[in-house]
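Next up: just one chain, as structure tokens, the form predicted on its own.
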């Protein structure tokens, strides 16, 4: 087999594709309905919020950092916004999205300042910001769930791009909010592949000093990366609230590890400098299939966490071994 073809067939993305195909065949044999439009719509909805967070986390990890604060930032941005618009009778979804974006941007700037200026390790800085945001939400905004979100915002949850009715008469509808992660995917792909900013993100993830010598403004790029992550965390939080049709101050807490796992399983190196948008989409898809459909294979719900953990360990191990092999071949 041609060496180049062999390399392509053993990339992280292709390996994840193999696993996804194998799972789909297994589930499809047990339940043929799985291989249909209804599953595609259900998985799209299940992936929607995770994709928003995963695209941002992928860019952060490629840049050599990590952000574990996005669930807390998403919660404080959306919860404070919902309380504000209800208190002042504001119905506009545009205003609400603008407000969560600004709050997220502020927390992203705080992360960037701590990491780029104060030189704190990214994990410590974002963990601290996460605690501050989560604590502030509970201490100053309250712990009560809000179910009466503004009518015009609630109406967004009922706007659909596709409506499909299966042979049993069950209707599946694809929300128009899927356009948010789709737009992010297109922009992230273009920026990382075709712009100097994208090259800079990869460069500082590989070696900050080398990137600085090459002429990249490391501090500016880190601010852009972390502020973008905060901005879209806020947007993701409000989108989740609209889909669920209620706001909870703790609804997204604890999701950071699963998002990071999906990104790393998709081939993004946790050490930075390498990762692709396609790989991240595949990683999110794999996790979504495991979380939502293993019950069709007769696997109890409490075993699904074990299976997800196993996939994470195997996926990250493959990524690590490939990176080590590439590093060793470069030395030779």
Partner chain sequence: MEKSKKFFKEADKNTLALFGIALLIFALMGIFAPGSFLGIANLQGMCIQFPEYGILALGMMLAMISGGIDLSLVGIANFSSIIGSIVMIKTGGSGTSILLGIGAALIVGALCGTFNGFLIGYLRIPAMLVTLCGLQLYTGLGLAVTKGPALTGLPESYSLLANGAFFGIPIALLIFIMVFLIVAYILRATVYGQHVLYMGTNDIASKYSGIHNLKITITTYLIGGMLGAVSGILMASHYNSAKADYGSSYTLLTLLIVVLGGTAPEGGKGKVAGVAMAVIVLQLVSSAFNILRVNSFVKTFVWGLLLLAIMIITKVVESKKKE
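Residue numbers count along the first chain shown, from 1. These numbers were taken from a predicted model, which means no experiment stands behind them.
In what follows, reference is made to the form predicted in complex with its partner chain, a form of this protein that is not presented.
Problem set entry | Which of 235-243, 97-105, 178-186, 133-141 lines the interface with its partner chain in the predicted complex (heavy atom within 4.5 Å) | Of the options given, it is 133-141.
Exercise. Is there a heavy atom of residue 31 lying 4.5 Å or less from a heavy atom of its partner chain in the predicted complex?
Worked result: The answer is no: residue 31 has no heavy atom within 4.5 Å of its partner chain.
Exercise. Taking heavy atoms only, is residue 11 within 4.5 angstroms of its partner chain in the predicted complex?
Worked result: Contact with its partner chain, no.
Exercise. Would residue 321 show up as a contact with its partner chain in the predicted complex if we use heavy atoms at 4.5 Å?
Worked result: The answer is yes: residue 321 has a heavy atom within 4.5 Å of its partner chain.
For this session: Decide whether residue 123 counts as a contact residue for its partner chain in the predicted complex under a heavy atom distance cut-off of 4.5 Å.
Result: Flag for residue 123 set to yes.
Exercise. Does every residue of 90, 109 and 224 put a non-hydrogen atom within 4.5 angstroms of its partner chain in the predicted complex?
Worked result: Answer is no for this spot.
For this session: State the residue from 231, 75, 82, 260 whose non-hydrogen atoms include one within 4.5 Å of its partner chain in the predicted complex.
Result: After the contact test, the surviving option is 260.
Problem set entry | 149, 174, 114, 156 - the one with a heavy atom within 4.5 Å of its partner chain in the predicted complex | Of the candidates 149, 174, 114, 156, 114 is the one lying within 4.5 Å of its partner chain in the predicted complex.
Exercise. Even though the chain is shown alone, can you say which residues of 62-78 have a heavy atom within 4.5 Å of its partner chain in the predicted complex?
Worked result: Only 66 sits within 4.5 Å of the partner.
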